[in-house]
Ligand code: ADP
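One chain is shown next in structure tokens, namely the form predicted on its own.
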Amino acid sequence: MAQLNIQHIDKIYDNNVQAVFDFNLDVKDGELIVLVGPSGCGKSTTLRMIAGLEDISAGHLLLDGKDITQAPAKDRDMAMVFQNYALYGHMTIYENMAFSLTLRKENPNVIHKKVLAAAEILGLSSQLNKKPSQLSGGQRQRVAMGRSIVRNPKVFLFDEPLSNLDAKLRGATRREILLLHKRLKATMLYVTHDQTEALTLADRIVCMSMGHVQQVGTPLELYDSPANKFVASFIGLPPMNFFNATVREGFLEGKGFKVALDASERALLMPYAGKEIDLGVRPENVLTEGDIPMKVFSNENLGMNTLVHGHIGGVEAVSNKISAKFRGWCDYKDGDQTTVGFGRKHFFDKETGVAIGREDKA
């Protein structure tokens, strides 16, 4: 286990394209940090810089207080689990898991004990004599994790390890990684574009966009108090609804609808009186009771919940499109008229996209 301090690191390629801007993060001993964001946001590049597979253009990387910014990958005491498993097809599972220790010329008895212990943790004890081609994708990913475990590194690094698995295997393997973290109490950094993985695995999430960190916080903090519109739209499934609205005395006025404000919301929006803002409402916070007119165009039954899509305020435009997540089984048809209300609301500055009330933290 280890503490990792990432201080103002940048990544600038030879063609002057900058992929990562001023990345700062203090990773606590035993913490599981998930870097999440869309493709090309810089999360994998950041992980590769930490691993030593990419040069750090500026800034410093400290492991337990020691500066390892320029240290080669082999001397960083980190183990990386890749998306494509990176197993040797001609070796058995036992040989794959033992490979790094064999290269170090460790005592064969020690190697044997470490491999058996890792195999027991990962449920691979009966697979050790097989070749990778004889295993499922989920089992091969567990072998890749086992190869890291036997090294007993200070930091585990995961680069989208579940991307090649089907939905069922992703869920099962995700749970195994969470149990592994709890059992090993290891420091882990995990990269994914899947918000479900981020929300279910992380002690803290780092949400990135276009090379910049947008917000760092617990899963609940990013879900319930997003720092800006990007985080609000990226975290949560289905995504948050956004509407143009003007701040009036005691209410918000949008195209064809009005939303009442409580005392705390009125105080928060007082500086925006008469101005346009972006109103955000998560689908699960759209209520079946209210006075906002909604015309349905799609109904998706999911068992315990139903996703209902439509337009509000009598305006059939993208700006008034809404998705609602209602509990239970609903039977709305295209063209049905209903009314809805808004529960928990989020407010964003029209120009900056920053959550109102968080401008000083932007």
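Given the structure is predicted, the values throughout are model-derived calculations rather than measurements. Each residue number is its position in the shown sequence, starting from 1.
Separately, the form predicted in complex with this ligand exists; it is not shown, and the next lines address it.
Enquirer: Which is the contacting stretch out of 33-41, 291-299, 330-338, 61-69, given heavy atoms within 4.5 Å of this ligand in the predicted bound form?
Expert: One stretch meets the cut-off, namely 33-41.
Enquirer: Considering this ligand in the predicted bound form, which of N305, T45, N320, S323 comes within 4.5 Å of it through any heavy atom?
Expert: Among N305, T45, N320, S323, a heavy atom within 4.5 Å of this ligand in the predicted bound form occurs only for T45.
Enquirer: Of the options A19, V354, L25, I9, which one has a non-hydrogen atom that comes within 4.5 Å of this ligand in the predicted bound form?
Expert: Comparing distances to this ligand in the predicted bound form, the residue within 4.5 Å is A19.
Enquirer: Can you list, in sequence order, the residues from 186-223 that come within 4.5 Å of this ligand in the predicted bound form, counting heavy atoms only?
Expert: Result: empty, none.
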